[in-house]
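There is one chain below, alone, in structure tokens, taken in the form predicted on its own.
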């Protein structure tokens, strides 16, 4: 019996031992699997985060490079360089319009001016100047600011050339600390670390805490994981390659990813300790090992629970990095990761595609009126609507609070525009929050991808298109135009010179005579503006007038021309010389000014010119834009004694039914209207009938753009009153007009 029990005990002991060994072996195997899987997950997340970190820094520096390069282009052959006080003011404006802490310009002779009115000599050393001349652009670290000697800064410099010769260097200073937020944009946990280093391992910037001065020196104390080598890490960084490095430091397993940012051989480094992330998981696994020693069944449940927790943690990490917390859909990181594959799929199908930036208009006002909760609901419904509109292969995300990115197929611009219009219409009708339909509207910027272009440049180009659409009244979308950047530079150059041009009287009045068909003599003139720049020569009106209309400077220019015309007439009148009525064009913007008419009258009275010698010309598009306001303006001008002419009649808005209710003294036939009727018998009949009806309304007729004798004979035959055009005279400077007027009177 004893022997039997002994044998049974031995069997039981062996069974328990085998079971314990199986449990222990299974637990160890499971532990290894969890650790290995966790390591893989961390590497994948870290690789994506490291790439995004590098792209973020590259985008920030690239944007600042573009701003400074554009500033350098705008300064080429610009007279502001010859006027230090204007240059300082210009630099100050550029500094305030950008994120730079300080901007400056160093001339070829070493003289340096700063946006804070500081002037130094030789601020930039010769080796820096030589590097800028060679590469046209330079970014340098640890440049000392002239105002904050203790603060390390980043220097960005661009060459400004004149006729292919070095003219000088425009530069900007930015504290290195201002880039910490960009470096910390992908911090995964509170124990991760982001670095910006050079190829020698020197730490230039760290987030969220300070780091040792040299990363390579720290790694000398670390032990690489299997399949990793310090020498390979150093060699990759020296050769400009990216990669992942696993190591153990202070008993803790870590991974770091390193990516070049394309500037000065600098790298971004993202470091994430594996053990810290997995602390909770390992604790649960350890508990399962203890429990499995006594209860095999419970071990299975614990193992299942741990697997679930691992999956949840992986999902949490993914959600943290790639899911928008409001919509639950992809964020900008996920969109950027999916973009290459989606773009490649379009290319395989030989299908055109476009990067679209969609902006929810007046979102702040929406939050203020309806509350943040309703604003969030509007974003959620917008996201759902966009998801429903996507076709196979297309992707989207919410990139910022009120902006969405989309990658859409683009068979043609017309097709994509029509699709977006339908989307706008549907969104405006279907966004309902708490039984109330919210008035949503959108603006889109579209970049049709036609070449191999980095992702961030596609986004920048779509943003330029979005800015274009937002600047145009009534426009809900715009496509990227290659000429748009140059247009911005031209407009900025015009705007930066317009006040100086007005002060220096660079705007000149030209007068184009008006001739009577009956007498053949000069009976009036139209005042036209020309910009005579001291270095650029004549600047075309169709370049600067639209810019002035947009920024409102045309109001000052119109009053300047009015004053110049009045002074010209007064000067001849005081000399006892004959004068004729002169017409001056005024922008539609003046109609919103209740003091417009009083200001015109006050100027004439102050100088001493009778209103009968002055004529206010308003274009046809202005006249028919607001008939009721136009009647008030006409009545006010006539009450002050001024005559009023409708300019460009026939350009596209004409309506005799409206014209009969507006008491114009003169109607000027548009030159294009006349040109269309020169060889068209039917159009000649129309023009003849118009002239007859307008004269019956009591208005005189001036024909613009008379360039041939045949046109003149035709107009004389239908009893047109006055001619204006190159057949008689081009627009003349005041001196030449005076000479022609005197000759006409002597004859």
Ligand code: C2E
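Residue numbers count along the first chain shown, from 1. It should be emphasised that the depicted structure is a prediction, and the values quoted were computed from it without experimental measurement.
Omitted here: the form predicted together with the ligand. The next part is about that form.
- Using a 4.5 angstroms heavy atom cutoff to the ligand in the predicted complex, none of 58, 62 and 175 count as contacting.
- Contact annotation: of the candidates 406, 634, 609, 561, the single residue with a non-hydrogen atom within 4.5 angstroms of the ligand in the predicted complex is 561.
- For the candidate set 702, 54, 706, 46, a heavy atom within 4.5 Å of the ligand in the predicted complex is found for exactly one residue, namely 706.
- Using a 4.5 angstroms limit between non-hydrogen atoms, residue 373 is distant from the ligand in the predicted complex.
- Residue contact with the ligand in the predicted complex: residue 512 places a heavy atom within 4.5 Å of it.
- Contact check for residue 540: a heavy atom falls within 4.5 Å of the ligand in the predicted complex.
- Contact annotation: residue 530 falls within 4.5 Å of the ligand in the predicted complex, judged by heavy atom distances.
- Contact with the ligand in the predicted complex, defined as any heavy atom within 4.5 Å, is confined among 687 to 695, 66 to 74, 706 to 714, 46 to 54 to 706 to 714.
- Shown here without the ligand, the chain has 585, 586, 587 in 583 to 609 lying with a heavy atom within 4.5 Å of that partner in the predicted complex.
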